[in-house]
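The chain below stands alone, shown as structure tokens; this is the form predicted alone.
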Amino acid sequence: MTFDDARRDLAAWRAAFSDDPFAADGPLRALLDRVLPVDRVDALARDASRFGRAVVETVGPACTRYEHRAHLPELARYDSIGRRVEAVSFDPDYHRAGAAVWQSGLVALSGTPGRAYEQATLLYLLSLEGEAGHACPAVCTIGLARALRRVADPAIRDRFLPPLLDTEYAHAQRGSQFLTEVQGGSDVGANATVAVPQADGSYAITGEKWFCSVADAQQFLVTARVPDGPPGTRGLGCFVVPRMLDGEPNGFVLRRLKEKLGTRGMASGEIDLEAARAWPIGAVEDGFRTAAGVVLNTSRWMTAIGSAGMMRRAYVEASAYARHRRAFGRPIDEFPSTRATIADLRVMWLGALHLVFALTALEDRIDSATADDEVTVYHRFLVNATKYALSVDATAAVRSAIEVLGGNGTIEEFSVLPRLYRDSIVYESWEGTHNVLVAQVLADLHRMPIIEVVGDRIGKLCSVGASPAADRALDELDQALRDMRRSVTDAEFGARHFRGVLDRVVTIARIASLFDAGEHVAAEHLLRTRLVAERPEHDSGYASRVDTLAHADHV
């Protein structure tokens, strides 16, 4: 094998990535065909194919440049004649990619209730490039837009919402959420930033925010403590703060930008607020309910979507590489160990895809105000559990894909995988660390009939499998539900062991969603490798499943 032969193989690997990633994603298209009416799925397919091509042709190449350490965003506190502007300077390619993202309608769809499937599909396609500098701004803007649309007074809604929905990137305003403070972190109830009411119904907000992603946003959603409010989260109001008022920065200083492990193309910073003028989003006493129930839950859902998209790209890169890369005289996907890795990657991605779109179905109902009590309860569980589980698996999937590429997989110029790996690790902490989300689920078990709803919903999907593997999944579900109940009644057991219990429940939920989608081979493989932990030599169907999964599609 010559140098030229090797480079031809590598060129064939790169050419294997479809220029229409939506059309190439058979499981995604089948899922949408199954759950959406024909007219809605046809319109979505057109938009998704168009945007998928833009991700390949525009966003990906641009992102490769502005994610490079030589082209990262920079703080620009003053303009050329010395006026304070508190701005962020980006490489021009950043804005070129942003124009493609905003034109897709990903953000603008927030103005119409019940478009969760459309937004999830578009974000999933964008996430083939990781966060790409624009997934976080889009998600933050969507969260703010939803809050304004759902709960803001009409005058405030009509002032601040329309600029967020413009599809023209050059004119659109982007939103963000500044909640975290240095002394609180995930303990939002410890926040100390204060909001003082003004005579005209606005508030003046003073304090500092510690982790402000999308530091260049034109509208900030800020939580702040209101006078005479109770301690903890109940005393926090939720406000919208325009970046500029009367052509001047609205009482804020960008202290510095943060140099992050991942999501580097998007600017995160620390911000001091100095009597910044703000307007309440909904009733002030409901501030934290709005921030958590609408904004954070939107971000958790969409972060999970992003994790699924990164898993898709990891699988595509690794499986195509394994087909085209030769070692020891043959393609490396002919080696059983590599085939097993590819099979595992495919199952991780498929399980993530179907689980996160099960969550999307609930989001669609909630956003269109058609959710009943059971949907609300199941959503409360699934939004936290899915964000936690899929962010963990995304990092593992990208790491496995890097291993398939070997040393090449660690080279930034060689593939997208190093960037995905860095981004996926950041996703693990966004909108709540693992333990925070697990603790939230455990706390919710004490307040809501989650265990009964989870058992009923997941149990019905497992029953669709109608096989020994599905029966085994039901047995595992019964045991997991018993452990969930014990976690509620035995505080020490819950504190020590509930994370492992939740891991099992979410794995069963993925298995159930795969059975429901007709992906029986993938469901059984996930059961045997992740839940039952059966030794491969004792699993007579292991080799056959691996071969089927590893060669299921050549993308």
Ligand SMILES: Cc1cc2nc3c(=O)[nH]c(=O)nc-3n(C[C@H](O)[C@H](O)[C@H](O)COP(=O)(O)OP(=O)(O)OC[C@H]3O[C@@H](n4cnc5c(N)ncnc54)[C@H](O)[C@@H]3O)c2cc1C
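Note that the structure is predicted; figures quoted are calculated from it, not measured. Heads up: residue numbers just count along the shown sequence, starting at 1.
There is also a form predicted together with the ligand; it is not shown, and the following applies to it.
- Only one of 281 to 289, 431 to 439, 315 to 323, 403 to 411 places residue heavy atoms within 4.5 angstroms of the ligand in the model of the complex, namely 431 to 439.
- Residue in contact with the ligand in the model of the complex (any heavy atom within 4.5 Å), chosen from 303, 360, 177, 386: 177.
- Residue 184 is the only one of 184, 163, 113, 459 with a heavy atom lying within 4.5 Å of the ligand in the model of the complex.
- Taking the partner from the other structure, the ligand in the model of the complex has no heavy atom within 4.5 Å of any heavy atom of residue 382.
- The ligand in the model of the complex comes within 4.5 Å of a heavy atom belonging to residue 213.
- Using a 4.5 angstroms limit between non-hydrogen atoms, residue 260 touches the ligand in the model of the complex.
- Shown alone here, residue 426 lies within 4.5 Å of the ligand in the model of the complex, counting heavy atoms only.
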